[in-house]
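One chain comes next, on its own, written as structure tokens: the form predicted on its own.
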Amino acid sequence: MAKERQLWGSRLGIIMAVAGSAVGLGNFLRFPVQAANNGGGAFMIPYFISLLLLGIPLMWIEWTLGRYGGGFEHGSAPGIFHSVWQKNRFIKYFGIIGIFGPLIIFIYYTYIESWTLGYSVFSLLNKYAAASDKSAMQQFLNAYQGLEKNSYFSNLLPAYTFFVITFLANITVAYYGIKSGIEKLCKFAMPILLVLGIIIMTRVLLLGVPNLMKPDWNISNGMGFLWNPDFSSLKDAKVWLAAAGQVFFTLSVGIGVILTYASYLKKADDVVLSGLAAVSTNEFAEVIIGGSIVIPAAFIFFGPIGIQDVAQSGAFNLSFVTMPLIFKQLLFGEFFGFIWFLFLFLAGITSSVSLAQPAIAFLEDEFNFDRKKAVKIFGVATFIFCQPAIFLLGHGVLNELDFWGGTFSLVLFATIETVLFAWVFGMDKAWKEIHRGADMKIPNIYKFIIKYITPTFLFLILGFWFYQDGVPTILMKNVSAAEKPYVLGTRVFILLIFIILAVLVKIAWRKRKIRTYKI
């Protein structure tokens, strides 16, 4: 007997859930670094063009495809793709990427997320008080990650403890399902996250001039470093690719998560306004809050020369090295450090629970497992899969997982689903499906954009990558000899996961029954 599929409890719930999936660590750490290193304010020109031509169209595509596939009781990409093109018996295998990508990201993202929980506790306990400069704070982070042993940490036990807590928190939310788990979390966490972000942003904007000998190190110049445009950078194709990549990361499009979330909508639920609301929430968090904290604060304390190193040091160092040093110099620094890392933790967990859902939905819908059984299987498997990212962190494993799961798979999957939506499903039928139950009409220009501009944009991104970096990446040209065995092992590990998913899809379709569209 087929079980009844879950549904979202409210429109606000689904908007908060999709926004929670999109608003993650990349909004507050990756975005300001990308902007600062790619032309400052000029970066926002390709960024907003990419948002209009790539991000928003893909958001509508995924909301619509997910809702449509949910009508056939499919909540993951293989089933949703099959619903769209039932005559093609191979299309479901392309949908594997929509489970594979989130799964790969989940198995390293939860570990990074756990660092924010650990550091929020360390801030309250003033654990890193002895780390008085950048070098010492880097040693503290390295010891916590198990990359070295020193007076701060002698083993990986503290980091592993916070990882287990974070992992169990994610599994617990997933265990309680769509309405009682994910929706409740996001309706609770997202408002708190935004409030904490505004508090930190306000504190940064109210910073005075800590170094009276250098009055130019002020908030105005700090904002200027990030937002003053270098228009010459617009001639560089890499800036445009970076902007497009940031839009992918920030909206969580091309992953498969939104497809799954939208599959729990009712047939007449509005996807036009809901999608725009989720995008708007994310953009506020990223551009307004994310652009007003890390880089401006770092400029005030490290100046125009030091900020160059800060901006190029990477997202991890920004959060776990630079920001703690800044908070140590503020009144009530321990408190602001705590809410900064709690802020990041909430951003992380609302994203990571969404990454778990495609695989869980696949087990529920295609194998007819109940929620508890599906979550238990997912939990055991992913806990095992997480271990290489934890214990081999210093050997390039995390970077390899991030590239194939969190970068390449996103663009490839987005390209496939856009072609499927606009050219196989058909743009006229797709346009009608988008507007089913909609409270507003999308401008007709988007009919042309979705059919021609968005797929062309995606093919260009893939083409530029293969032309510029494809062969060296595949052949590991930029990998040291010492790290090559680890990178190769990680690729074998990734390939095995993909093969396992392909086998599961094949088994599921042998057992499946023909499903008709549910009204």
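These figures come from a predicted structure and were not determined experimentally. Residues carry their position along the shown sequence, with the first being 1.
Only in words, not in the display: the form predicted in complex with a small molecule, which the text now covers.
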425-433, 82-90, 366-374, 246-254: which one contacts the small molecule in the predicted complex at 4.5 Å, heavy atom to heavy atom? 246-254
Asn38, Asn27, Thr454, Thr64: which sits within 4.5 Å of the small molecule in the predicted complex by any heavy atom? Asn27
Using a 4.5 Å cut on heavy atoms, which of Tyr119, Tyr109, Tyr128, Phe299 is close to the small molecule in the predicted complex? Tyr109
I'd like to know if Ile105 sits close to the small molecule in the predicted complex, meaning any non-hydrogen atom pair within 4.5 angstroms. yes
Classify Leu355 as contacting or not contacting the small molecule in the predicted complex by the rule of any non-hydrogen atom within 4.5 angstroms, answering yes or no. yes
Contact between Ser409 and the small molecule in the predicted complex at 4.5 Å, heavy atoms? no
Contact label in the predicted complex: Ser292 to the small molecule, heavy atom within 4.5 Å: no
